[in-house]
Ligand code: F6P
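For reference, the chain that follows is the form predicted alone, supplied as structure tokens.
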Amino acid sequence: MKKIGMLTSGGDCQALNAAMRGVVKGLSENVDELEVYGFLNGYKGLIYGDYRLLTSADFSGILTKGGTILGSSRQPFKQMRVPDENGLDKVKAMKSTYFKLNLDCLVILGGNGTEKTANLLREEGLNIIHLPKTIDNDIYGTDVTFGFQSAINIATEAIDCIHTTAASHNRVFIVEVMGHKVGWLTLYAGVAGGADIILLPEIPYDVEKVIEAINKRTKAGKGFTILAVAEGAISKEDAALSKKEYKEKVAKRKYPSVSYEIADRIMKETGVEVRVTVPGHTQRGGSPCPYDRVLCTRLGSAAAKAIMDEDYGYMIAMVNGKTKRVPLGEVAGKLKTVDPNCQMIKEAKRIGISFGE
């Protein structure tokens, strides 16, 4: 008899269900008896003992279903050692739930914050397997996270749709793509969507250089310009501030986001009309694309094999096209950012894409 627990934590994405299905199918096909406990709404379910015993029917027909059948919530890692409003020790409570159910393993699906808590539980003696989920593709130690490609497709489609309107009205359009700390999604969607200017958190921009790029296109007879801007894009002036100073400035910002600030600067200095489009949470929604379905099936199957081998404490990663067990202790807390000097950036610059430098 194998007893496993599963939970999905943090922001949702398109392929969480597909990944859980891969784990359960990989186990059910290869072990005589299996019990799967689903913890509801992320770590909350583990903390407060909110779970249900799942059956094969729960995993039928969910390969193409977005979101998560278990629900999710954000439980900041920094708060995990802080008692709740009733004085409950969260870590102790999670361990108690785990041992009460006599679990062989806890499978945790989530991003960076989720991974740090997963590693904390590993250090506390629980058998943990982590599956890397995030549309940001910023988890260190894996080439790709599930949800990333599906989000690229949606963000790219948004840019594609803007092209016709921008060309028809001879305007500047800004498409704001998700990504507070890293720009992988904006970079890929921007290149795929044919954006003329791409602004990333890793490459602080000079708004005057942005305007130069727009003017250059105008002089060349191009009637419109499209910018793909990460929500965490930052100007060179702001990048020079301390974290405290920057937070204070953002708190006083009169604009809804950096894209509107950039739009205002462009309009004031050039007189051209600028429109901002924010796809927002649509980038995390809908059905997973075929690539993510394959990725999650492979990662889920590899997780099942690790559980059968009783080899715990790993993130199941994709490295050079192969699944790999990466020790949680080596990757938890690390962020995978875009290297400003990477080959893809250089190639994008070579074809005329500006990064506002």
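The structure displayed is predicted, hence computed values, not measured ones. In case it trips you up, residue 1 is the first one in the sequence shown, and so on.
Although not depicted, the form predicted in complex with this ligand is the subject of the following passage.
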Check: Out of 172-180, 115-123, 235-243, 89-97, where are the residues with a heavy atom within 4.5 Å of this ligand in the model of the complex?
Finding: 172-180
Checklist line | in the model of the complex, Leu187 touching this ligand (heavy atom, 4.5 Å) | finding: no
Note to self: Using a 4.5 angstroms cut-off on non-hydrogen atoms, would Asp196 count as touching this ligand in the model of the complex?
What the structure shows: no
Next item on the list: Decide whether Glu261 counts as a contact residue for this ligand in the model of the complex under a heavy atom distance cut-off of 4.5 Å.
Entry: no
Notebook entry, point to check: Taking heavy atoms and a 4.5 Å cut-off, does Glu202 contact this ligand in the model of the complex?
Noted result: no
Notebook entry, point to check: If you check Arg253, Arg74, Lys222, His163 against this ligand in the model of the complex, which one has a heavy atom within 4.5 Å?
Noted result: Arg74
Next item on the list: Would you kindly say which of Leu227, Ile135, Ile108, Ala230 lies with a heavy atom within 4.5 Å of this ligand in the model of the complex?
Entry: Ile135
Notebook entry, point to check: Relative to this ligand in the model of the complex, which residues of 138-165 have a heavy atom no more than 4.5 Å away?
Noted result: none
